[in-house]
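Form predicted alone, single chain, as structure tokens, below.
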């Protein structure tokens, strides 16, 4: 995921902003980390460069 994507992403639950927490980065590509809703506090994982923005009750957590 490119950090510039943050300009258009929002929390799917309430459309508020998301904060980015990076765990692993390769150049300008974010490989792992999480997005956190600034209002809801909900966490959305970033795995293999792909953000999972499904609401918590719709995720298949393994």
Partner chain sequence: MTGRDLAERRGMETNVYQPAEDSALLAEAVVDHAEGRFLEVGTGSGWVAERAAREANVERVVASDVNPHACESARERGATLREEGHLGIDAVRGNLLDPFREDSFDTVAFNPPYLPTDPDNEWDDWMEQALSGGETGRKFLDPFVDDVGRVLRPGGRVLLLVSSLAGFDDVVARVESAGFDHETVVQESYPFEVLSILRLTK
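Residue numbers count along the first chain shown, from 1. Fair warning: this is a prediction, and the values are worked out from it, not measured in the lab.
Just so it is clear, the following notes concern the form predicted in complex with its partner chain, a form of the same protein that is not shown.
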4.5 angstroms heavy atom contact with its partner chain in the model of the complex for residue 43: no
Please check if residue 39 has a heavy atom lying within 4.5 Å of any heavy atom of its partner chain in the model of the complex. no
Applying a 4.5 Å heavy atom distance criterion, does residue 20 contact its partner chain in the model of the complex? no
Exercise: residue 48 in contact with its partner chain in the model of the complex, heavy atom 4.5 Å: yes
Pull the contact list for 22-43: residues with a heavy atom within 4.5 Å of its partner chain in the model of the complex, in sequence order. 29, 31
